[in-house]
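This document starts with one chain, in the form predicted on its own, laid out as structure tokens.
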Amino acid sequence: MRNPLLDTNFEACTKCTICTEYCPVSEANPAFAGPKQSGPDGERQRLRDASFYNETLKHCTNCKRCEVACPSDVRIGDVIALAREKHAKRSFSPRDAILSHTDFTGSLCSSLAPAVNFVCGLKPARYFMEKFLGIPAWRTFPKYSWQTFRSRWFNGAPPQDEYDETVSFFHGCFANYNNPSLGIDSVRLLNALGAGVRLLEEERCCGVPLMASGFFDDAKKNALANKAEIERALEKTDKVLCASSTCVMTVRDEYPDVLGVDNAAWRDKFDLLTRHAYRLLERGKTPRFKPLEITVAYHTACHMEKLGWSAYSIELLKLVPGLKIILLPSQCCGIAGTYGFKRENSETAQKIGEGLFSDIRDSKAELVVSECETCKMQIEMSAGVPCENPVTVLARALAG
């Protein structure tokens, strides 16, 4: 059986420390030694003696900016994640279970959405969550939709058989439970580009929140279930698309590198929706856009930076008449999925995002655009500006 730690190429580290310079946590939290020290340096010690493992590795957000910066292509974030999987102390946390098991939490909260949304806004409920769960009382929660995207789809999706090609759609948890309109917008945009859409017969959370809270076994179960569904979908379509940068990065890269789930046969067929949309444009599938006279600020989410595919979304947005686009400096917002929802990380999360929040406010943009759903939560709460996926902006601009 392969050793995933050896596959991360950590011995190629030249100790240049550029990863630490790019690490948003190292600057905000001195308790974190930094990617080099926690990753390659630490792993050399941990392989000799497990007692060298240090619980400060939990401060890593897995933003992947260290990997983007590394000139030797060391998968530093994976080294740290695998070390946590192997050595971290395990103790059950109700908060971590609630935050990370998004399918269970999402299905329950959606079925009770009006009540859940109301209660989560009450001060006594927030006090309870901070005191007994460790979720900051000032943290805002995403609203749940009483009708999921999947239920809307199966109760009235437009016919999808009349298009030149058909693609499969991996909607992700956020679009399903919190923001069904993103799923609807994704279908509208693909239809306008001449592509019909089908859903996976069954879909589970990509697993990234589970890994972040130490539930690696559950994450692998999800990965194996999704692998089977993706392979089944690819028997009928050529591509599986997703609008979430984190879901795409996780399924393509974390499945084989962290969870040991082989996706080599179809990795390149699991794609970011805006990337595939751009390629449809290159093939002459040009939708008609109506003018949108607004100013938007484009935020490159951390996992989008890792994928390196921001240009596809930006070029698509440039096609919308009247849309003024401001490109923000690429920087972390701090929330890192469930990381910023944990009381012990909240101060670090906000400190990391201060520069981004300031840039957004200074831009005077009416809307922020980003492919990451938790960036949306953090930006709307901390910068006070609405944030949408580029797919939503493009769908809003569709004529007719």
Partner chain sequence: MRFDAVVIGGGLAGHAAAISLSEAGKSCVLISAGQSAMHFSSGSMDFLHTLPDGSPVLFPEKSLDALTAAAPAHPYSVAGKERTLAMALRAEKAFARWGLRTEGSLAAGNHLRLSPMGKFIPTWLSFEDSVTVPVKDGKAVFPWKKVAILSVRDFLDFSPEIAASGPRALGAETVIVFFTLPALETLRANPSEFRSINIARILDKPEHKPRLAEAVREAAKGVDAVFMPAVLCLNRENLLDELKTRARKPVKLISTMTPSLLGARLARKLSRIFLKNGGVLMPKDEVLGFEARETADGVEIANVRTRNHGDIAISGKDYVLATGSFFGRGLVSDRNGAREAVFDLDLAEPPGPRENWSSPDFFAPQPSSTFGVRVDASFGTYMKGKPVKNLKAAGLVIGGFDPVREGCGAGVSLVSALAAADAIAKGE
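Numbering follows the first chain given and starts at 1. Note that the structure is a prediction, hence the values are computed from the model and not measured.
There is another form of the same protein, the form predicted in complex with its partner chain; it is not shown, and what comes next is about it.
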Point to revise | Interface residue in the model of the complex among Val369, Ala365, Ile352, Cys70, criterion: non-hydrogen atom within 4.5 angstroms of its partner chain | key: Cys70
Review point. Pick from Ala311, Ala228, Ile294, Leu122: which has a non-hydrogen atom within 4.5 Å of its partner chain in the model of the complex?
Key: Ala311
Review point. Even though its partner chain is not shown here, does Thr20 get within 4.5 Å of it in the model of the complex, heavy atoms only?
Key: yes
Check your understanding: So, in the model of the complex, is Leu307 in contact with its partner chain at a 4.5 angstroms heavy atom limit?
Key -> yes
Point to revise | Exercise: Ser26 in contact with its partner chain in the model of the complex, heavy atom 4.5 Å | key: yes
Check your understanding: Taking the shortest heavy atom distance, is Arg275 within 4.5 Å of its partner chain in the model of the complex?
Key -> yes
Review point. Would its partner chain be touched by all three of Ile98, Arg288 and Pro386 in the model of the complex, meaning a heavy atom each within 4.5 Å?
Key: no
Revision key, fill the gap. Answer among 257-265, 242-250, 275-283, 80-88 for heavy atoms within 4.5 Å of its partner chain in the model of the complex: the stretch 275-283
Review point. What residues of 318-340, in sequence order, lie within 4.5 Å of its partner chain in the model of the complex by heavy atom?
Key: Pro329
